[in-house]
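Only one chain is shown below, in structure tokens, and it's the form predicted on its own.
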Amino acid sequence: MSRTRIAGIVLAVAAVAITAIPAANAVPQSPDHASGPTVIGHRGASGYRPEHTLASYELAARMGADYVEPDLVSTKDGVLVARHEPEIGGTTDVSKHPEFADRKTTKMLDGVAVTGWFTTDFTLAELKTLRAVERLPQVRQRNTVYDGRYQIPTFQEIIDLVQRLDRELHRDIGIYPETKHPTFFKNLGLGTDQKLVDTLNRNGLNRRGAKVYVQSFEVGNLKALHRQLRVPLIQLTEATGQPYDFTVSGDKRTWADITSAAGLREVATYAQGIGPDKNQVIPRDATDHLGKPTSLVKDAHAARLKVHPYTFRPENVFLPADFRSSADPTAYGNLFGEIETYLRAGIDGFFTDTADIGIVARDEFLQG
């Protein structure tokens, strides 16, 4: 089936030279999918189910995702669970639980005052009484039909699910955890890094060849994890600003410094790849159309780093103007076209909310 025809069906249904190789890249080996660019189920299949639920991860795996991605935060009693942020007012039904009304508070999260309910004020047993809800109900109204059906999963439960699906689907599904806001949790005495290492060790996943990546937007914790983990690390980056641990320490370097050719050579001393905002790979122009690719992929590849940008979503509100189907922000546009453009720019994989579309786009690109 042609690329054009498949893209049309989707519309209708919705209506990666340095002279020396840094030591970090000698080991561990990459666990990437052998058939080409890696498709990462962003928070599972969050385009179809409320994010960070076992249902979302399972659907992404069944759709063919090479990896599923849990964001890891800590409970009050030190258990790693999957939520987009430690604040859970927008991703659970906690506001409907009168017994937890007094838990609503304001905390400083990476220098910003955030009001709501935080996982750090709940034991795991208490969190298990809550149910997940769709984070973007105005955009993904169909997902709201699943509101209230799923618990908040622990990291161990996600590993157990993936291992079960490995056996059932006869393939090795990867896990791509992110350590969320490590400085925030460390300052509360609930640091997540060692718990992550311990969990991987306990499950036999801290080894060369394990299909695991570990990612973070901070630098210091990735450098510390580099000394403990035998799986690849990914330095997440943003288009503006700087890592929060740099803000705390007074380091003046920005994301632009980190993603420069020299900065990427530094990243390669402790990580095996970067996870940039996709606009750092191909920025948009003043009319919101895609412009020309930057040198990021070339520079990263010169430093022997893989490039896994985020996040590819099918709704018009998230797409560049080139690939929108209409003025309706919630309608599906041509995600196939956007992904193909980025694959042609040389990326090694990508995060997507719709793993099924990502798999077809990847496979068609390889065939064409």
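Position 1 is the first residue in the sequence shown; the rest follow in order. Bear in mind the structure is a predicted one, so any value in this text is a computation, not a measurement.
The same protein also exists as the form predicted in complex with a small molecule; that form is not shown, yet it is the one meant from here on.
- For the chain shown alone, Gln215 is a contact residue for the small molecule in the predicted complex, at least one non-hydrogen atom being within 4.5 angstroms.
- Not displayed here, the small molecule is approached by Leu236 to within 4.5 Å at the level of heavy atoms in the predicted complex.
- Interface residue remark: Asp66 is not counted as part of the site for the small molecule in the predicted complex, having no heavy atom within 4.5 Å.
- The small molecule is not drawn, but in the predicted complex it has no heavy atom within 4.5 Å of His226.
- None of Asp71, Glu87, Glu126, Asp147 but one reaches within 4.5 angstroms of the small molecule in the predicted complex through a heavy atom, and that residue is Asp71.
- With the small molecule left out of view, the stretch that reaches within 4.5 Å of it through heavy atoms in the predicted complex is, among 215-223, 136-144, 242-250, 166-174, 215-223.
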